[in-house]
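A single chain comes next, written as structure tokens; it is the form predicted on its own.
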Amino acid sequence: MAKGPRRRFAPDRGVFTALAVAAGLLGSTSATAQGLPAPPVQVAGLTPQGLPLAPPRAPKPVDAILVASFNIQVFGEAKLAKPAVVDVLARVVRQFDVVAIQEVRAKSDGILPSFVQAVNADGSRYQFVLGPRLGRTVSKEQYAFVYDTERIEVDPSSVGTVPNPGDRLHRAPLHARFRTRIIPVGMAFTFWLVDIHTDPDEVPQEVDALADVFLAMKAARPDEDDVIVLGDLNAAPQQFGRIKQIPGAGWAITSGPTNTHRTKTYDNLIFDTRATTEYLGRSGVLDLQRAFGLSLEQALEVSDHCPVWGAFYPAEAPPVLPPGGIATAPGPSPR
């Protein structure tokens, strides 16, 4: 929801300093208050050229954007070498306007370019943002955002890794600021996405730290109050601890399993319901087995997690909605 003057969506070189200062909420030392150098971040295809302009095979809603999170479980060369798996993954991504991805694990830098090429094989125009390799062990992971350039754009100056003083998070979240493109610029919904994969062995401590990440991101710049923290939290809402104590804190997935075995609720989208009134009350879990007619074994080849998603109004501050949210924005379906 917009507050005050119209938001700028242009390179803002002060955003990283603001984040570093705001990260004092994470228990930083004096060095953090001076600003920590962010690890290198790769931003690809911000202005794609030479691609034929072709509409998606099925229209997306004109009154909503669909934001998703998907842990693609050890997403590397071995998975990319399975055409049937890549086909399902590509069809998943095409359902959404922007997807936060966790568990990119590869020595090669070609995983995301090759995958996005597969996504765009039907004429779609997706591109990606890829974060640095992170982790305390030899097994490193990367976060990524994959987004539909026909409907979403990214501010390249906003991309970075959240400062992580005290090493409270095994993999510090990747952040980027986006804007919808299906609404005139002066009215378009702008928002932070903060991609996270908590360590399953340190869930209480990392979820506690994530509460401070959320507050730090809200304080990062005065003209942006829409912050969506999304990813694999390895925690159900009842385990959100201090996140639940943040005034207005809400989440898209309130019940039901998000893993492929249908036993646990791990994945979610968290935001301030008072600020992000653009949330339309529509969300869900894309069950891989049911959506694509897979056996459990086939679905597990794709991932041990299912994508989760929420629908948001494409303009700032929508009108008051009837109970139950928007009725005209369909959820994702295979295509």
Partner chain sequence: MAPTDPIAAAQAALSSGDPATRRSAAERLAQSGTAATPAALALARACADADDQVREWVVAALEELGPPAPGVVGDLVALLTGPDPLPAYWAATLLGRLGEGASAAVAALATTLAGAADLAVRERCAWALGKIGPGAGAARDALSRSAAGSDERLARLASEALTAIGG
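Numbering follows the first chain given and starts at 1. In this text, all values refer to a predicted model and were calculated from it rather than measured experimentally.
The form predicted in complex with its partner chain is left out here; the points below concern that form.
Student: Just one stretch in 180-188, 223-231, 239-247, 102-110 has heavy atoms within 4.5 Å of its partner chain in the predicted complex, so which one is it?
Tutor: That would be 102-110.
Student: Quick one: does Leu300 come within 4.5 Å of its partner chain in the predicted complex, counting heavy atoms only?
Tutor: So Leu300 counts as contacting its partner chain.
Student: Does its partner chain get within 4.5 angstroms of any non-hydrogen atom of Glu77 in the predicted complex?
Tutor: Because a heavy atom of Glu77 falls inside 4.5 Å of its partner chain in the predicted complex, the answer is yes.
Student: Is Ser157 a contact residue for its partner chain in the predicted complex, using a 4.5 Å heavy atom cut-off?
Tutor: Heavy-atom contact with its partner chain at 4.5 Å: absent for Ser157.
Student: Give a yes/no on whether Arg94 approaches its partner chain to within 4.5 Å in the predicted complex, heavy atoms considered.
Tutor: Answer no; every heavy atom of Arg94 is more than 4.5 Å from its partner chain in the predicted complex.
Student: Find the only residue in Glu202, Glu150, Asp122, Asp208 having a heavy atom within 4.5 Å of its partner chain in the predicted complex.
Tutor: Comparing distances to its partner chain in the predicted complex, the residue within 4.5 Å is Glu202.
Student: Note that its partner chain is not shown here; using its position in the predicted complex, name the residues of 141-180 with a heavy atom within 4.5 Å of it, in sequence order.
Tutor: If the 4.5 Å heavy-atom criterion is applied to its partner chain in the predicted complex, 141-180 yields Glu141, Gly166, Asp167, Arg168, His170, Arg171.
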